[in-house]
Every structure is written in C-alpha cells, then in structure tokens.
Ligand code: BMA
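Next up: just one chain, as structure tokens, the form predicted on its own.
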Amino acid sequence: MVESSVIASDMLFVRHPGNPMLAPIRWPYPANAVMNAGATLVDGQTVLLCRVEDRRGISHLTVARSSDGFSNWVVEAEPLMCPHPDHPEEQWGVEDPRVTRIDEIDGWAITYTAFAPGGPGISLATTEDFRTVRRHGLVRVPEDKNGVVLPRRVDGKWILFHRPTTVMGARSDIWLSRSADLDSWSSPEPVLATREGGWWDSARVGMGPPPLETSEGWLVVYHGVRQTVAGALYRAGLALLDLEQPAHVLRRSPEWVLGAQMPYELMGDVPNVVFPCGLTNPDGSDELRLYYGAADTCIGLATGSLSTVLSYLLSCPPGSGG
C-alpha cells in the first residue's frame, strides 16, 4: 500500500476528463435533470440506474449502459421504473436509487426513495436483468432516505443502512436495520452521526453507494452536508465499518474527499452538490469508479485506487471521529 503519511484527501479521487458522463442533453427523451445513479457491473458492462427528473418535477429511473464505464453510453428509450398506480407511496416520484448485487438471490436489490404527500420513504425492488423489476414496496416509512443494502447477510440477517429523521428529533444520521427476508426490518441502530460544530458533515449525513467489502472492512462512501448562509454544501467522505459488526465504525475521514469544484458541480438546479450513489470495482482490480450526481443536474465520474483509499482510511484516527 501507499505510505499513509503522503496521502492527501483531495488526491484520492480524480475526475474523469469526459465529465459530465450523462446529462439531459444526451437523453433520448425530454428531461430536466439526470442525476444520482446507482451503478453495477453486468456481463462486463457498466449499468447505471439513473434518476431522471421530468419537466413536471417528477422523477423516474432509467437504465444506461456502457462497455467501458466511461463512454458510448446507451440509454434505454423507456424508463425501468416510474411511479406506479398500485404504489401510492411513489405518487410524487421514485428517486436516488442504489443498486446492490446479491449472489444469494442471483440478482440485484434496488433501494430507492419513494416520494409521496406523506414524505419520502425507502422502497425496495429486485431485478434479474434490469429489464423487469419486482417491487417489494415500502420498507422504511417516511421520513427516511438513502437506503442501501449490503451484498451479503451478516450473522444471518440482511443489513439496510438508512437515514430516518424521526428517530432523534431533527437529526439526520446514518442508522441500520436488519431483516431475515428483505421485507420486514428491525428497529434502527445508530451507525454514523453528524459532527457538531463547523464540520463539513455537521448538518446531515447519508450513505452513498453500497459499501464495498474489503480485507480491512466495509468501505463506505457517504455524503455529508454543511449548512452555510449561502445554502447547503454536499460533499463526499469515507468510512470503514467492521465486517461482522457493521454498526461499528472503525475509521472515518476527518476531511471530505470530493466536493463541488467544477462548473457542472457548482451550477445547476441545486448548486454545490456532489452526491455519490454508485461505486464499481471492475474485476476485483485496484480501480474504484465513483459515479455521482452533480448539482442535481448531471452525472459525473471520479476514479481512485482501492489500496490508496484504504491506506488513507487506516491513517485516520480510530472510531467515528468528531
């Protein structure tokens, strides 16, 4: 691994020169914004499940595919998931998907925000091919967001990370729940909290992509928000969770590792936003590909080295920080 003493947090991820990867202008049908995509690998192709906001302001989910994960994206002409009349919890849109490959079910779990007059909740669906889906319905009632499922059971239970805002008043922290069947979930357990004061993640935190299992623990990319007089700043940070006790934070980055700097991140429907939802590690290599929403308008890609990221995290103070 790279020596931790020479690792700078702002050098861990490098933006792809082709950014933004996907934007409304490249879409095969009219769209206001394309953002916050879950990511996975299917038969050697990169599949992004993109949140697409139409010109009414209602979001749906559409698949885009690329052979190399960088270029020549092929976007499906029809959405994979739109608000469904049999699911009133989706009335105002389906948003911000995360995609987890689960070998046990020989398919993928899709967790997403279902938005309705009652507020945002977390719904779950499964797919075998990203052409059809089976909805499991609402698994965490409003107000709850940023649902992410681990790729395997821990101590016989599935793990769902999420951000309920009704557990501790107005706090917006990361919690987890457990399930034997992917349908019924336990009461939340605390995992990672906002840091008090002027920290970059002091207003709220939420899980990004599904955590990646490594020899050192579950590698987590999360978003943190700082509220300023000019508005909210959304940035990405890192954490490492214990493999068999995922509520236990081993390490947490004191600094953010990816923040809004480029014009497509600084300007858009919601300025100053980097919102990671997709992470791939092609062929178990050392490469990390982080797909993120930029300014709630388009999708960017940043790449990094798994070994360097882990070295950086292991150089951070033990525990949850703050």
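Don't overthink the numbering: it's just position in the shown sequence, from 1. This is a predicted model, so every value here is computed, not measured.
The same protein also has a form predicted in complex with ligand BMA, omitted here; what follows describes it.
- No residue of the trio D144, D173 and Y222 has any heavy atom within 4.5 Å of ligand BMA in the predicted complex.
- The closest non-hydrogen atom of M262 lies beyond 4.5 Å of ligand BMA in the predicted complex.
- Contact check for V270: a heavy atom falls within 4.5 Å of ligand BMA in the predicted complex.
- At a distance threshold of 4.5 angstroms between non-hydrogen atoms, F275 is in contact with ligand BMA in the predicted complex.
- Using a 4.5 Å cutoff between non-hydrogen atoms, D96 counts as a contact of ligand BMA in the predicted complex.
- Scanning 46-73 for heavy atoms within 4.5 Å of ligand BMA in the predicted complex gives just one residue, R51.
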